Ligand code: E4P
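Just one chain follows, in the form predicted on its own, and it is written as structure tokens.
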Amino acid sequence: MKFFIDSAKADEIQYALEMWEIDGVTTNPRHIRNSGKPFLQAIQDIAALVQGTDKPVSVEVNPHLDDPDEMVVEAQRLAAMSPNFVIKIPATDAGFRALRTLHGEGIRVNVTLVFSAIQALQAARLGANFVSPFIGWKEARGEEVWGLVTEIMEIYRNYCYSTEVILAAVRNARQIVEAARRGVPIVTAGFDVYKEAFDHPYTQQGLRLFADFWDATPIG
């Protein structure tokens, strides 16, 4: 399984790259806003961090756009900025129409804001490189999510689609494990989710205990 970090903060991404060997980056307008930087500066800073690697960085088109031709123009502009950039297009009619054009031009696309298996199927049919079903939002509303994930994975296996699932809006370690059990190839989560997931209070308790024994034991 690959781990992507869902962030636009350069310090978080740098830490994740160095300490966790993170495999890619996903961003959205909220993350860009939280970075405190203008949009273009934020994504250029991220591009510099992954320059020379094959780690993809998902960058979203303006969410106000609802014309496929305008989406394509912006996607072309963004894709030209870095070979690492994958363009996030929404799972809408306009987005799917833009996807067809971008796929034909060899521009990588991540279809985002996916909340149903049929959206994921259409994205794969039209050549999406990635598809991002959001589970945290659905689960927060009391909706079951793992049936959706299982359906998408089964459909992709049935038809040998090369589209990779990026499970998005992941909120905790349990969700990462449940995704791994179902063969999801990629999860993306925030910095704090990974930080908490990789730590465990018993690990820290054990280190303190062993350190006490170490200190109480002669070396020579």
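Each residue number is its position in the shown sequence, starting from 1. Computed from a predicted model, the values in this text were never measured in an experiment.
Note that the form predicted together with the named molecule isn't included here; everything after this is about it.
The pocket of the unliganded chain is judged open, since the named molecule, transferred from its pose in the predicted complex by superposition of the C-alphas around the site, places no atom within 2.4 angstroms of any backbone or C-beta atom.
Three-residue candidate spot F134, W137 and R171; every residue lies within 4.5 angstroms of the named molecule in the predicted complex by at least one non-hydrogen atom. For the chain shown alone, K55 is not a contact residue for the named molecule in the predicted complex, no non-hydrogen atom being within 4.5 angstroms.
None of the heavy atoms of S35 is located within 4.5 Å of the named molecule in the predicted complex. The closest non-hydrogen atom of R181 lies beyond 4.5 Å of the named molecule in the predicted complex. Under a 4.5 angstroms non-hydrogen atom cutoff, the named molecule in the predicted complex lacks T163 among its neighbouring residues. Comparing 45-53, 22-30, 153-161, 63-71 against the named molecule in the predicted complex, the single stretch with non-hydrogen atoms within 4.5 angstroms of it is 22-30. Residue D6 is the sole member of 3-22 found to place a heavy atom within 4.5 Å of the named molecule in the predicted complex.
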